[in-house]
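Coming up is one lone chain in structure tokens, specifically the form predicted on its own.
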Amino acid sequence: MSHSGSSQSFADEVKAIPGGEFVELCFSCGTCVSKCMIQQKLEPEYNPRRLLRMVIMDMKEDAFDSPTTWLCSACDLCYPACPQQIHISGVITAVKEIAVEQGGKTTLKTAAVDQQTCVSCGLCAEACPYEAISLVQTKVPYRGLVQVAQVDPGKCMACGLCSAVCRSTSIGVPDDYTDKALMENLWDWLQPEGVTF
């Protein structure tokens, strides 16, 4: 399904996707921002109201570059507090879907799969809360056509849960929570400063 078209506004594209139909109902009261853990703890530039304004004003490229487009986890902590009862996560997900379709790239370091060691057990796919992982037949060098895990970077939130359940340590967020990094951190902690062995 293509969402592009010269006669269609960006808001129309967003409204055409299930969940995006609420884009024009927001009162910009800021309740969603006040409840959002991402904005409070992770990214001060995260602001759904600002993203909705970009959509309404046809600022597509700015919306695709916004951290708000990529960081919403759809936890919906904001939903019960919203006076308009808008699932703002549905609108943000619609913007993200269009961004991915039109070549936009997430700002997150999403999970990556080592296809040489993946045993296709499916634990990562079952554990992923964002349904970002699937098992697909892939031609892998030296292994031939085999089934391996594949990550959809448009859905992955880089939470690391896939890495936590993977028994073959074949999937994980790059440069984060790896066995090697864990051992190095432990060694640094155990080794007194200035003392070498």
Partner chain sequence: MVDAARQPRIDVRTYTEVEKVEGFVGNFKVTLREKAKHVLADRCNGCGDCAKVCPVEVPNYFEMNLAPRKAAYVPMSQSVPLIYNIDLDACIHCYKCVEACGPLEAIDFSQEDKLVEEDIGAIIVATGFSHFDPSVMEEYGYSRYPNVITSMEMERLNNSAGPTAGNLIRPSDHKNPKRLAFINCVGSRDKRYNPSCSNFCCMYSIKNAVLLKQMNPDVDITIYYMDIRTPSKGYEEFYDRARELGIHFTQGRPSMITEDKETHNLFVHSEDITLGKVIEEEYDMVMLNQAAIPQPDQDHMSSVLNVAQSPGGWFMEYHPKLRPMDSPTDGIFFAGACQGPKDIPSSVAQGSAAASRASRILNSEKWEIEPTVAVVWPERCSATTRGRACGICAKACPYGAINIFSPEIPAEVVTAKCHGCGACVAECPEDAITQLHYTDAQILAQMRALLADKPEEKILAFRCHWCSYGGADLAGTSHFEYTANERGMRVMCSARMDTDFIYEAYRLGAGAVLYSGCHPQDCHYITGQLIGAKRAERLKKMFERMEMTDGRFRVEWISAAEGDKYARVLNEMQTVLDNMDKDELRAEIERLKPDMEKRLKKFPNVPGVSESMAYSDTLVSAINTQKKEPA
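Numbering follows the first chain given and starts at 1. Since the structure is predicted, the reported quantities are computational estimates derived from the model, not experimental observations.
Although not depicted, the form predicted together with the partner chain is the subject of the following passage.
Stretch-level contact check against the partner chain in the predicted complex with heavy atoms at 4.5 Å: of 28-36, 146-154, 61-69, 132-140, the positive one is 28-36. Checked against the partner chain in the predicted complex, the residues Val119, Ala112, Val100, Cys82 give one hit for a heavy atom within 4.5 Å, which is Cys82.
Along 95-131, no residue reaches a heavy atom to within 4.5 Å of the partner chain in the predicted complex.
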